[in-house]
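One chain follows as structure tokens, the form predicted alone.
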């Protein structure tokens, strides 16, 4: 009997895991440069928390992995890292503002498809306790800095304030803005015709429907400066001066989760002929209080790690080693003790290495090193033990050089080797 990963999940093999780990390490580096502190929360939470109206809302409840434990407690896998953060803030006394970052897997029982998985990584940065536009600008800026460091220059930051769109929709006499938002948010996926069909099913009159669709096409913030939230949006954009060329005002952006209260943003990068969303977030000023805490304004952004990895892999711009090993120590004859001692010295010098543990002949050992794309090889036999010298071969160029087996000083430079 053979088993496969559950539908909507996948195994991440070493070569892809190295890329993913590089993205995670880059995100962690910049989160900490911006003063964000790490926080980890359980993979599963109380079902009532996840299903709360401002937790995920009715739409997300359908996507939560729900189960009961052996004591019949109702639980669910977390669908994002924001609701668990808000639970922590609601139940803990923390200095404000609380700058936190979190990196972990989340789960959604969604329909799997291109770039969509039921289990996926997120890397989040949030600021809790500040209502300032500077806090919004900070979380957007750190995401931009991460993307820049990963080699993206032509990313687009779409930005809006839900108050603006809500103010306009309410001016049309429509009370249930959330339903309208859910349809507008799908504009990029189902197109204008699809949005019209949805709005029609929600009993929105044709005249109002056309006005809504005309409104969400507005890209000039000066045309809506009389609406609620426009001032906040202007302040954030002016605080993002360093990324002015990447900013795009988009009235159709409202984001689907119900806990968003004001500014929302989404970052996309070119992917083939398409533009792929790789990060998103916004302001959620009421969530902490809704979960039992004192009022605490908050804003945050989440990076979709696998999507970033996918684009990097597709573009070929990020060249990383296929394996952590920098050196393979091939052996001839009964020299296991000497090989192990050499490996120990290399590792102490910070050089990742491995050696034969399957008693293979030299030809098969070299085939293995080539298959793994290990960049350097040394061969140790009785001759090398006696002379205390080995030849270090660059497997890519074929160039060899002689190094002292005892000192191994020449290997120090390999600790920063990139293929």
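Please read all numbers here as calculations on a predicted model, not as lab measurements. Residue numbers count along the first chain shown, from 1.
We do not show the form predicted together with another copy of the chain, though everything after this point is about it.
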Exactly one stretch in 199 to 207, 215 to 223, 184 to 192, 100 to 108 has heavy atoms within 4.5 Å of another copy of the chain in the predicted complex; which is it?
100 to 108
According to a 4.5 angstroms non-hydrogen atom cut-off, is residue 403 in contact with another copy of the chain in the predicted complex?
no
Taking another copy of the chain as it sits in the predicted complex, is residue 115 near enough to touch it, meaning that at least one heavy atom pair lies within 4.5 angstroms?
no
Any chance residue 395 has a heavy atom within 4.5 Å of another copy of the chain in the predicted complex?
no
How about residue 75: is it within 4.5 Å of another copy of the chain in the predicted complex, going by heavy atoms?
yes
Name the single residue among 248, 234, 322, 255 that comes within 4.5 Å of another copy of the chain in the predicted complex, judging by heavy atoms.
322
Contacting member of 386, 48, 391, 363, with respect to another copy of the chain in the predicted complex [4.5 Å, heavy atom]:
48
Enumerate the residues of 18 to 34 that have a non-hydrogen atom within 4.5 Å of another copy of the chain in the predicted complex, in sequence order, or give none.
18, 21, 25, 28, 32, 33, 34
